[in-house]
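What follows is a single chain, given as structure tokens, in the form predicted on its own.
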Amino acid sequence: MEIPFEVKARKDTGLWNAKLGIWLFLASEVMLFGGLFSSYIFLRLGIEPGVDTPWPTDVQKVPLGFLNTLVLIASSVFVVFAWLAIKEGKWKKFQAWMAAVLFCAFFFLAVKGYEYYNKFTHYGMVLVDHSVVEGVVLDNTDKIRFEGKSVTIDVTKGSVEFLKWVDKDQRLFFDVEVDGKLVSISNVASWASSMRSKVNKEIAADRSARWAAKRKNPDAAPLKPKKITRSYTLVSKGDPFRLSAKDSRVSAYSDKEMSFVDGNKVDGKLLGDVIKFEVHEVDLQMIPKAQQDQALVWKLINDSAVKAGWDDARDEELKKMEKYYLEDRGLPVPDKQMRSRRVNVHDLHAVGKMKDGHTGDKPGHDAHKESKNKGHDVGAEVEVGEHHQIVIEVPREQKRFLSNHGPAYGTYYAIYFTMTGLHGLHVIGGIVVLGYFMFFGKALFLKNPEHMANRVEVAGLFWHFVDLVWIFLFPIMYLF
């Protein structure tokens, strides 16, 4: 049966079916992204300086975002050329232009993947006094390191949380006493599951006995259920096993014991409770200027040259603001500017002691690119152009929060990943549809070229919308 208005337009709307459908779909998409953009702007403008956590600014690589903008605009032009080639009946030309569109789409996703990788591999740590250091966690020290000799498991809870954090290069063999017999096990999870099944059977048998007693003597007081617990201590047969556990999964620990949130308890010794962190930036936005010199981060860095370099960069920015507001306009510097990222966040990559006694005059990533990272200790003398690696060791009790620059790091990053991720899914959807037309559309083209042209036009409208969303997304997320 032939479906009407697949090629010819309807008289009442002047549109054929698919075009009417895509406009309705795009209207719903406008409402979706419009709500997300509006929410972001309200949250951004609602930040109160000195009270709320500062909104991250200048944290995106603007050149990469701008490059992606140009790439998507070019792809929108190419998809129009592809549609024109179909209208002219030139299949090879259509495929060439469509290949250019797909290349741009994959290039866009590759750039976004690079941005995502950088954010997931760089960390921010908030200290107890609200000073912040950003950089890289070294040697997996964001986790608590422990060496276990035995583990106590309550199989009635059916969980073996400690197994998730055992170092991957180890094979575990345990001895455990069950019903007076010594049993050797190599698969803890399977053994715990089987013991849990036995406990469940005992619980079911107790429940059945209580129901039977109730039916036999309805007037008697109901029997209380038996408290059935089964805890077993598994002793390592070989060398002690090592664990590196997230502190969010550890309920308590000491020098000799580590307890997990599911009740597993490991006996042994604590190997490390200090976070080793390579500092790239110091962020003091949440600390008043008068208290910044006494911030905890300077005690951890303990390098007068680095501190002096940071102070010089901050004072230079403050002088620029004072000139702009006080001297040129006769206005006090707004507190919002005094607490801004531009003043209170500086790159420490190349701030260190030089052999001539001066601090580095090439701060930032340019010096980092010229450098040869030789793993200098904090305060070591380095040649100009070398990378001065600033490594601190933070006791866990001095850490308030630690995360990579993923969605958990703050509201801005949660919105950034939500909106760019949703947009990325739309790009992938466009790749699937346009790629299908490029590789498998020839049969329809030969059968009904006008119908094929209509399908390409509808897909092109969707692609233009994807491009338009990014044109709004780029300035809001990267520049605002």
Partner chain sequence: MADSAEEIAKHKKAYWIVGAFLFAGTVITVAVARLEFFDLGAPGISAMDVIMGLLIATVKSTLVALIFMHLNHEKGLIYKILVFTCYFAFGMIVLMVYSLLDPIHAAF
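Positions refer to the first chain, counted from 1. Since the structure is predicted, the reported quantities are computational estimates derived from the model, not experimental observations.
What comes next is about the form predicted in complex with its partner chain, which is not displayed.
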Inset, instruction - Name the single residue among 150, 76, 244, 285 that comes within 4.5 Å of its partner chain in the model of the complex, judging by heavy atoms. - result: 76
Legend entry - Residue (of 64, 428, 26, 446) lying close to its partner chain in the model of the complex, criterion heavy atoms within 4.5 Å: 26
Inset, instruction - Select, from the options 166 to 174, 232 to 240, 300 to 308, 84 to 92, the stretch whose residues sit within 4.5 angstroms of its partner chain in the model of the complex by heavy atom distance. - result: 84 to 92
Inset, instruction - Give a yes or no for residue 69: in the model of the complex, does one of its heavy atoms lie within 4.5 Å of a heavy atom belonging to its partner chain? - result: yes
Legend entry - Touches its partner chain in the model of the complex: residue 42 (any heavy atom, 4.5 Å): yes
Inset, instruction - Could you confirm whether residue 191 comes within 4.5 Å of its partner chain in the model of the complex, counting heavy atoms only? - result: no
Inset, instruction - Determine whether any heavy atom of residue 100 comes within 4.5 Å of a heavy atom of its partner chain in the model of the complex, and answer yes or no. - result: no
Inset, instruction - Decide if the three candidate residues 57, 465 and 479 all line its partner chain in the model of the complex, where lining means a heavy atom within 4.5 Å. - result: yes
